[in-house]
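As a starting point, one isolated chain is supplied in structure tokens, in the form predicted alone.
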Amino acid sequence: MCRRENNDLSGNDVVQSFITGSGSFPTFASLNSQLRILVLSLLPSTISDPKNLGTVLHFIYLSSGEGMGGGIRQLLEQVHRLSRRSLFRVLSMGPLPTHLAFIMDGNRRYAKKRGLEDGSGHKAGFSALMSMLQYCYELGIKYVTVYAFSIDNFRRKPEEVQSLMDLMLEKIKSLLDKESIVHEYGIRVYFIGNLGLLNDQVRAAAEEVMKATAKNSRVVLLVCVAYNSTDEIVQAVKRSCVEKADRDVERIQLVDIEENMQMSVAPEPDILIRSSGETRLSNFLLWQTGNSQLFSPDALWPEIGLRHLVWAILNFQRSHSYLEKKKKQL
């Protein structure tokens, strides 16, 4: 493969050189088998936007010569990004959900299945969450809610709870990094639940993230931690009673309770996805999911990927008209 001589070629220049064999850019015939496969995989995305090919071929040009490994990684990322963009354009032709909720089930089973040490499954689960958030926000889904830690999880072994709290503290702090997904997509973060049950460090970190992202409005991430639905309902009823005062308790209306629910900052979820094939709600968003579509892929949470999200959205689109009619009848 030729060495790079000029980094100022435009995407169109690269395409022309690639096709005609002119200039210093390598022709298709001169590429190794790996790069040929990558170029061919781009053909579907070039149908929707031919400029995509020029962009990715430019990465091939820049990756020639020294630094080949880094160039290949960039090229792979560009291929995946362009493929997703084309796929999301197709999905956007139909109705899209406004709010997705996830029960991230199967982290411990994932680690056990692969013989990994304790905590490795949850770390892999966090990586899966970051990828899923990226897909959702690229697709234009504004609200994402995740069930991160139930109140019932405090009943686990003390050493396991402490390990999870340590991991949670690390990951919450990472949300404030300049390179984090929060800054990339302008995410406003809410932590939903009985935060008083968390240790001081985790609670302070969560409050810091909420304060730091309070002015973001592009997309929203709701992290349910030290949470279960019955506790949320009880707390909402208590706040409603305080607001009405003792003499007006009998005048409490449904709307009063709904306004005092912590999840009132977001609309009801359109889709609730629980990984690992389980179909139980596990005391999660019981008040909000009466009209939500449920999807339970067999994949454990660290194994969940783009194909599962796409399938859930396609099922949502297929039944969207029926669900909208049912909502109007309520």
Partner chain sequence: MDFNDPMLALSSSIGQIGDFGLDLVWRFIHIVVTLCLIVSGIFELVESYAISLGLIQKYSSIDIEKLKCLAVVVDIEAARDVSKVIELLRWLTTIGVKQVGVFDSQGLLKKSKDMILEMVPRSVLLQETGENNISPDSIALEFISSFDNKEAVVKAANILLQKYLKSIHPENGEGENVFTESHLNEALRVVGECVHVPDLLLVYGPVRSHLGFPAWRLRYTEIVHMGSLKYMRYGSLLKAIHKFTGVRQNYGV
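Positions refer to the first chain, counted from 1. Note that this is a predicted model, so its numbers are computed, not measured.
Below, we turn to the form predicted together with its partner chain, even though it does not appear here.
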Handout entry: Contact residue in the model of the complex, chosen from T98, T230, S131, Q201 - any heavy atom within 4.5 Å of its partner chain
Key = T230
Exercise for the section: Consider the chain as shown here, without its partner, and state which of L197, M210, L176, V90 has a heavy atom within 4.5 Å of its partner chain in the model of the complex. Expected result: V90
Practice task
From the candidate stretches 134-142, 149-157, 167-175, 201-209, select the single one in contact with its partner chain in the model of the complex, where contact means a heavy atom within 4.5 Å.
Solution key: 149-157
Handout entry: Complete contact of V189, S264 and E324 with its partner chain in the model of the complex (any heavy atom, 4.5 Å)
Key = no
Exercise for the section: Verify the contact flag for H80: yes if a non-hydrogen atom of it lies within 4.5 Å of a non-hydrogen atom of its partner chain in the model of the complex, no if not. Expected result: no
Exercise for the section: Using a 4.5 Å heavy atom cut-off, state whether L281 contacts its partner chain in the model of the complex. Expected result: yes
Problem - is_contact(R108, its partner chain) in the model of the complex, heavy atom dist at most 4.5 Å - result: yes
Exercise for the section: Flag R251 as yes or no: does it have a non-hydrogen atom within 4.5 angstroms of any non-hydrogen atom of its partner chain in the model of the complex? Expected result: yes
Practice task
Could you run down 304-328 and flag each residue that has a heavy atom within 4.5 Å of its partner chain in the model of the complex?
Solution key: W311, L314, N315, Q317, R318, S319, Y322, L323, K326
